[in-house]
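Here you get one chain, nothing else, as structure tokens; it is the form predicted on its own.
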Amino acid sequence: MKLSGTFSAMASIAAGLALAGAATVASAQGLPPLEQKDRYKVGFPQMESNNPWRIAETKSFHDTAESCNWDLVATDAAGSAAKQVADVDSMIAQGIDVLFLPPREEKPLIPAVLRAKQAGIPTFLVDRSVDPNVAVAGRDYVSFLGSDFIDQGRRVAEWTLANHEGEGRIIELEGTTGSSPANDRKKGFDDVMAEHDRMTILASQTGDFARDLGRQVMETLLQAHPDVNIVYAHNDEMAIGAIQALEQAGRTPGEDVLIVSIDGTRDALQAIIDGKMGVTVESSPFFGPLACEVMGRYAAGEEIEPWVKVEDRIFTLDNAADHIDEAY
């Protein structure tokens, strides 16, 4: 009995030291600590659920909730930044332990991030970030979990240059105005193209990452720029919409118009296999397991890097068929 009590006391001391270590690291970073415990109440305020990428991301968090011992509080802001802010406020009031936030836009979600910190809730930004001039990783929130959007745009541009001969007359379909992926995917692509005189961006307009709006915008821009021979879409949904618009206008995607994009959806990989699309750079929505792993490290007292970078693959005709079964 005495030996058992000794082990119990040692376990209690070890647990206390672990908690103290976590608190010390968090305090040094100016961030709320996270206690180690069996279950956590986790907030996930999704921005919308109107496309395969968002649906797959939400499913990833629900699936992870079971394996990671989360009581998941998930909401859907239906494309409204104001609703997403309200959802975060509601989760704070419900006493969540951790917040995983995919901010719809860079600026409107900053107050929600700061309020979560003030409430003592460690916050991780997922798949999109906020304006770094106002809210800083390691100070106002723990970390950003996501891809290098500038590099995604750059890789699409470099592939396009390598696979398109002659002059390029480009229509660019941008993502949600004010969002980090739209801002950065545009910069990465445009900066590369600006260095090549044979490439001209004829028009660049938002399609809000949506298939039908991408189709409508492409229809309009096609009338103004019938000589287009390259379409760069900031995501696969708009790329598929552009393909529909081009086909309705009697054009042949993959032959007289090169379609390039980002995300790696099942529909995009099928379009590549069918010869209608040239390339898509992966941007994985499966953040649940990564969120569980990073949260566990933080609770254990580790200092989390400000950017937990996701490495993205590139899909072309060479490998699309090999990966379509795992796509969403």
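Just so it is clear, the structure is predicted and the values come from calculations on it, not from any experiment. A residue's number is simply how far along the shown sequence it sits, counting from 1.
The protein also exists as the form predicted together with alpha-L-arabinofuranose; that form is not presented, and the subsequent description refers to it.
Student: For Gly146, is any heavy atom within 4.5 Å of alpha-L-arabinofuranose in the predicted complex, or not?
Tutor: Taking the distances in the predicted complex, the answer for Gly146 is no, it never comes within 4.5 Å of alpha-L-arabinofuranose.
Student: With the partner left out here, check for me: in the predicted complex, does some heavy atom of Arg215 sit within 4.5 Å of alpha-L-arabinofuranose?
Tutor: No, Arg215 stays farther than 4.5 Å from alpha-L-arabinofuranose in the predicted complex.
Student: In the predicted complex, does Asn51 come within 4.5 Å of alpha-L-arabinofuranose, counting heavy atoms only?
Tutor: Yes, Asn51 lies within 4.5 Å of alpha-L-arabinofuranose in the predicted complex.
Student: Although the partner isn't part of this model, could you tell me whether Glu174 comes within 4.5 Å of alpha-L-arabinofuranose in the predicted complex, counting any heavy atom of the residue?
Tutor: It does not: once alpha-L-arabinofuranose is placed as it appears in the predicted complex, Glu174 has no heavy atom within 4.5 Å of it.
Student: Tell me the stretch among 109-117, 126-134, 197-205, 224-232 that has any heavy atom within 4.5 angstroms of alpha-L-arabinofuranose in the predicted complex.
Tutor: Contact-bearing stretch, as computed: 126-134.
Student: To verify the annotation, which of these, Pro181, Gly188, Pro253, Pro122, has a non-hydrogen atom within 4.5 Å of alpha-L-arabinofuranose in the predicted complex?
Tutor: Flagged contact: Pro181.
Student: Out of 207-226, which residues reach within 4.5 Å of alpha-L-arabinofuranose in the predicted complex, heavy atoms considered?
Tutor: Heavy-atom contacts within 4.5 Å come from Phe209 alone.
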